[in-house]
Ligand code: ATP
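First comes one chain, alone, set out as structure tokens in the form predicted on its own.
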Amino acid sequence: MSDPARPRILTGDTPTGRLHLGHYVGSIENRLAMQETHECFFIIANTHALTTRAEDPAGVTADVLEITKDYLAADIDPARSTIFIQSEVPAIAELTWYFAMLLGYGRLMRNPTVKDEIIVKNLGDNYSFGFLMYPVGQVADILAFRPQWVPVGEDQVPHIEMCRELARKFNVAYCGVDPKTPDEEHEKLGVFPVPAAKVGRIARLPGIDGKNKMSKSLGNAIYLSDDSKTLRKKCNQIFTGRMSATDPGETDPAKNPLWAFHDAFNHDKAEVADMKARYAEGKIGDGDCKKRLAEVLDTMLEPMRQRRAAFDADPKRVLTVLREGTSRANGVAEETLMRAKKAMKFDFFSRSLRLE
């Protein structure tokens, strides 16, 4: 079992491009805080990216490196956290197969995240079998590292619930754990803990279009790596619905994304309250509020830009971080796999794994 004094977390990202502000408040902030007190594993799930990019593996590989730089720029410390590449940890693929045998098709298709992705990505019936395996693979991503917590955005909570179900089911089926056993006792009696989701402080950050959740695919994102000029341009594009200078405007963050951004990133709450009041009275316009938001975000992102520039100038450092992290990740995942195979009576031989 992991050290109870330093509980383990597992989370990560599918490399579909650079990270944006939604990722930051949804999960990155939690990772930064938890690396001080937890044993942290951060997966770059490149195999999952193939569910919609099977014909572009080179592009996925490039995005692996970009996301790694985003992590490092955000101040995730490879000395305290393990950053690794999913495809280079073969135990995950083997565990995916075993978990798939415990999951019915009907249960898989009841996962609202799967349904939402089919709609949002406009897949219709044109998705691969691998797309349906993706949620099972995500369970293996998590349980291979036997974490207590999984920091995620709100939209990923259904995946975590399915992970919890499969952890219980495996422990009951192969470890003799009583189905009525409390979740917190599973790690002591079985192979897997029953991990819990930890949602970020902002469950859903809107995009600059004011209609949808911030997303690269929808073109409505502000990236952690955006330069000052791009940042100002995007802030000016934030849709507020205000029709004229005399329009009192909407100060509810749920209805006006401008205030959702200020509430999320402007830590001067008195200033935000004052702007909202003047905005509602027609004494201040979109331009002033957007300019101030750009200033706040620019101050927050500038240290990240500087750290990222250092890694851009030395790409070998990025590969070293990934190689060392993936080596550590394989040690843990191989141990988990052998525990699982022993419980299943599939432990015919022992094996070792070493990166070249």
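Residue positions are given as counts along the sequence shown, with the first one as 1. Only a predicted model underlies this, so the values are computations on that prediction, with no experimental measurement involved.
Heads up, the form predicted in complex with the named molecule isn't pictured, but that's what we're talking about next.
> Quick one: of 153, 147, 135, 257, which gets a non-hydrogen atom within 4.5 angstroms of the named molecule in the predicted bound form?
Result of the distance check: 153.
> I need to confirm a contact call. Of 228, 181, 225, 215, which residue comes within 4.5 Å of the named molecule in the predicted bound form, counting heavy atoms only?
Residue within 4.5 Å of the partner: 215.
> Residue 325: heavy atom within 4.5 Å of the named molecule in the predicted bound form?
The answer is no: residue 325 has no heavy atom within 4.5 Å of the named molecule.
> Is residue 205 near the named molecule? Define near as a heavy atom within 4.5 Å, in the predicted bound form.
Yes.
> Against the named molecule in the predicted bound form, would residue 336 count as a contact residue? Criterion: heavy atoms within 4.5 Å.
Judged by the heavy-atom cut-off of 4.5 Å, residue 336 is well away from the named molecule in the predicted bound form.
> Determine whether any heavy atom of residue 242 comes within 4.5 Å of a heavy atom of the named molecule in the predicted bound form, and answer yes or no.
Contact with the named molecule, no.
> Using a 4.5 Å heavy atom cut-off, which of 103 to 111, 167 to 175, 229 to 237, 197 to 205 contacts the named molecule in the predicted bound form?
Careful reading of the contacts points to 197 to 205.
> With the named molecule taken in the predicted bound form, which residues across 312 to 330 come within 4.5 angstroms through any non-hydrogen atom?
None of them.
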